[in-house]
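In structure tokens, the next block holds one chain alone, the form predicted alone.
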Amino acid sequence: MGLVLALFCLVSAGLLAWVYVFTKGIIAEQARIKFETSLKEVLPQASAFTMEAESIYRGMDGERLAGYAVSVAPRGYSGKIAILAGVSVEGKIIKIKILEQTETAGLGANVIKPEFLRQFVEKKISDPIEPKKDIQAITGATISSRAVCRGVKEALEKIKP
């Protein structure tokens, strides 16, 4: 009985390893495509992106600078909230997108809702960005709301005009 179980485990582990090796490249390619799509989503004027610095992508529209896409990951209630912010040449938020989050379902996870994210559009570094004051915080998720506010401020600070 133990030998059969050991053989079954060995075959299962081998199959899992084979599937991992086979799909690793495909998964990485899909992640790259998803990120490039997100870059174009937060900075729609740009037709090409180049990495300028760690977590900062320069968006170009031909020869003209269209703006920047900045990646930040502030700590929320349940973990890091990965944010991609599109910032204009003038230093204003064009759009933000939550790339990844592990906040509480039904509460902090609501940071992905468009009505919450739209509040950050046109904000600049000199603007106050405080939940419950300048930004309508998500009810029951003040920590998550604060994290997104911190992330937007951090993205703007990285791109001081």
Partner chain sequence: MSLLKELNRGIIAENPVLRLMIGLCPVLAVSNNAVNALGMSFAVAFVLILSNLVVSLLRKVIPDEIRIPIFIIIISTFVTISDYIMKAYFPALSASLGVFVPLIVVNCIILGRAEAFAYKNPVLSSVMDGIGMSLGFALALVSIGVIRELLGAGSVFGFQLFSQAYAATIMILPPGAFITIGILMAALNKMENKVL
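C-alpha atoms forming the largest set that superposes within 1.5 Å between two forms make up the rigid core. Numbering follows the first chain given and starts at 1. If you're wondering where the values come from, they're calculated on a predicted model, not measured in any experiment.
This protein has a second form, the form predicted together with the partner chain, left out of what is shown; the following refers to that one.
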Partner contact for Gly106 in the predicted bound form: the partner chain, 4.5 angstroms, heavy atom:
yes
*Give a yes/no on whether Lys124 approaches the partner chain to within 4.5 Å in the predicted bound form, heavy atoms considered.*
no
Query raised in the report: Taking heavy atoms only, is Ile27 within 4.5 angstroms of the partner chain in the predicted bound form?
Result: yes
Checklist entry - Any chance Thr142 has a heavy atom within 4.5 Å of the partner chain in the predicted bound form? => result no
In contact with the partner chain in the predicted bound form (heavy atoms, 4.5 Å), from 60-68, 46-54, 107-115, 88-96, is stretch 107-115
Taking the partner chain in the predicted bound form and a 4.5 Å non-hydrogen atom cutoff, the residues of 3-23 making contact are Val4, Leu5, Phe8, Cys9, Ser12, Leu15, Leu16, Val19, Tyr20, Phe22, Thr23
Is_shifted Thr139 between this form and the one not shown (CA, 2 Å cut-off, rigid core) | no
